[in-house]
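The chain below stands alone and is given as structure tokens, in the form predicted alone.
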């Protein structure tokens, strides 16, 4: 299983960092979100009631970190769908003695690519003056939260891609994640939202993940336990989802 996982992961990582068509979209999206939101909307920090110690750059960086982690999983789902369309996945299913290693390999590749992307965005954020009040333990917790969400996104997309085995599954992989992300308090704190968006954001689990990430950047612990209580069970549920999708792909002959 380990050998299969490493082989699948290496293939995707090599492709991601040698082909600009794979590398640039995954890197440019979080970069554009951060520079666009943190720069163009920086005056939001002056709105009465906006209270966030590290500043608006860190406020938006927390969003970009989680958004990019989740969406990196969707990009992996596209890779899986393309592998099925081109026949590579069928050959992989035939050759792999422990097929669960295939799913593990896709997840490992997702984590590796996201780690590089978010590191670059973090460096850019620091260069433009982002302030961080959290210590090393807080930053470690933030990374663990990001990687766990990254795994959740990859497993969700893998399950969809292995069931539908076509790039046309893209909207199915993307839409639920987009809805969760952008129906959360992205631009202002939850307390400043009004109307139906406040009601939706209040029950949106992504709101608690954002609150935890922003709290860790500020050196706090608000919503951190709740955030992990959300993402860890989701990772386990979607692991089952991805593995049953793999069995369906096997039954269909790839």
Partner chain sequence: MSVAAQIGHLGSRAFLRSLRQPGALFFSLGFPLVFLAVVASGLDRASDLPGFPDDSFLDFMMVVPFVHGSLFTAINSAVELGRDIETGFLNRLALTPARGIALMLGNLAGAVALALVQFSIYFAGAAVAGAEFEAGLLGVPVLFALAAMIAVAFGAVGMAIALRTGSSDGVQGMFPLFFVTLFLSSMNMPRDLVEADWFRWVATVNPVSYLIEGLRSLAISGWDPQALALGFGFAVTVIAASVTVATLAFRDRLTRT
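All of these numbers come straight from a predicted model, not from anything done at the bench. Residue numbers count along the first chain shown, from 1.
From this point on, the text means the form predicted together with the partner chain, which you will not see here.
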| Does any heavy atom of residue 40 come within 4.5 Å of a heavy atom of the partner chain in the predicted complex? | yes
| Do residue 194 and the partner chain come within 4.5 Å of each other in the predicted complex, heavy atoms counted? | yes
| How about residue 206: is it within 4.5 Å of the partner chain in the predicted complex, going by heavy atoms? | no
| query | Even though the partner chain is not shown here, does residue 25 get within 4.5 Å of it in the predicted complex, heavy atoms only? | reply | yes
| Listed residue (112, 139, 183, 172) with a non-hydrogen atom within 4.5 angstroms of the partner chain in the predicted complex | 183
| Among 66-74, 222-230, 206-214, 183-191, which stretch sits within 4.5 Å of the partner chain in the predicted complex, heavy atoms only? | 183-191
| Does the partner chain come within 4.5 Å of a heavy atom in each of 5, 120 and 167 in the predicted complex? | no
| message | Could you pull out the residues of 33-60 that have any heavy atom within 4.5 Å of the partner chain in the predicted complex? | response | 33, 35, 36, 37, 39, 40, 41, 42, 43, 44, 46, 47, 48
